[in-house]
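This document starts with one chain, in the form predicted on its own, laid out as structure tokens.
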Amino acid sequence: MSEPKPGRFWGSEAAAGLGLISPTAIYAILLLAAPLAFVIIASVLTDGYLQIIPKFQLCNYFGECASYKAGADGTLVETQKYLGAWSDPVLFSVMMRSLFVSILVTVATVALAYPMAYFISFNVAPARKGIWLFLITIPFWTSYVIRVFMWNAILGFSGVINSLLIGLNLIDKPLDMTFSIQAMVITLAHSFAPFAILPIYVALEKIDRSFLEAGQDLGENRFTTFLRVTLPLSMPGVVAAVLIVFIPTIGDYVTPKLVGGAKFPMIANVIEILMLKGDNKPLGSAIAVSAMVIVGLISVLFLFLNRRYLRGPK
């Protein structure tokens, strides 16, 4: 057989590179893109009894929709009406609550993660930094559900915090800390803390220490050097930490279910109810797509506002 000609695609480096990434690309298409495409398509179709009717409509997002059921003669009979994702005030309030909780969790997590990452980077001896990073990963040794249940036990009426406060005679009766937004914020912040510490630590490690020495030589104290040198140079890590925490927490399902309870459902809990118990996959898909759009827009806006910190050196 003759050697492939240099100009042909199948004998080029592009073809070789495509062959290397094709298994990963196929995997991503089958397990990520295909379900996402199904959700987007289902969000503009019509709800039927135990099925999705292939009839295009946008009322799942705005306006009033109707669910249908096949009659005895095969015709579609309207069974009930419902408001779209952006027209139903209850769904809108749950969406705003999810966004609010996610922002609170992100602020709390990054605010707690930055001092820890700073301490490891600047105050721990290089030979011991690996041990500290290893200790940070210990929470991942247990199941996410077990960690959530652990916080239920800590924050419960007979939990560690209430027992300690009562033992110190600081309170007369246990505080009601479970099944609240505060409990969700605490639990999620603990769960996502390692994800925020690691990118901030990497950004701090990349800072040239001579920059800090130069700032102090020019008359700056340690605090102003931190504000004018360390913090701006570590912003790529902070931005990464914010996105890593914010994006998944708005769609978290387990923590609101176990810690928030029925009083404070998040958007993922509403989607689960509509998809399974409510048998309204088009509306559930429309809410899911709406949540993805909101998260995407906020993330892009956040990146745009911090674009000057993300640019490399000129």
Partner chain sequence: MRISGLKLYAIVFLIFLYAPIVLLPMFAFNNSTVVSFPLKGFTTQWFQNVWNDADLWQAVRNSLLVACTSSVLATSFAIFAARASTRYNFPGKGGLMGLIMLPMVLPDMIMAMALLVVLLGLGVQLSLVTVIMGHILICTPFAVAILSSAFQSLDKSLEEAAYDLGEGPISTFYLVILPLVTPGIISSLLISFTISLDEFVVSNFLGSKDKLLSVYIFGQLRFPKSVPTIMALGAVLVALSIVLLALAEYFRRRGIAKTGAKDTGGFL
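Residue numbers count along the first chain shown, from 1. Quick caveat: nothing in here was measured; it's all calculated off a predicted structure.
Same protein, other form: the form predicted together with its partner chain, not shown, and the subject of what follows.
Remark: none of the three candidate residues (59, 262 and 299) comes within 4.5 Å of its partner chain in the predicted complex, counting heavy atoms only. Not displayed here, its partner chain is kept clear of residue 305 by more than 4.5 Å at the level of heavy atoms in the predicted complex. Although the partner is absent here, residue 276 sits close enough that one of its heavy atoms falls within 4.5 Å of its partner chain in the predicted complex. In the predicted complex, its partner chain stays beyond 4.5 Å of every heavy atom belonging to residue 45.
Its partner chain in the predicted complex is approached by residue 134, whose closest heavy atom lies within 4.5 angstroms of it.
Between the options 204, 181, 154, 239, the residue in contact with its partner chain in the predicted complex by a heavy atom within 4.5 angstroms is 154. Taking a 4.5 Å heavy atom cutoff to its partner chain in the predicted complex, the contact residue among 70, 53, 66, 36 is 36. Only one segment in the set 126-134, 76-84, 92-100, 171-179 has any non-hydrogen atom within 4.5 angstroms of its partner chain in the predicted complex, and it is 126-134. Residues 134, 135, 136, 137, 138, 139, 140, 141, 142, 143, 144, 145, 146, 147, 149, 150, 151, 153, 154, 158, 159, 160 are the ones in 134-160 with at least one heavy atom within 4.5 Å of its partner chain in the predicted complex, listed in sequence order.
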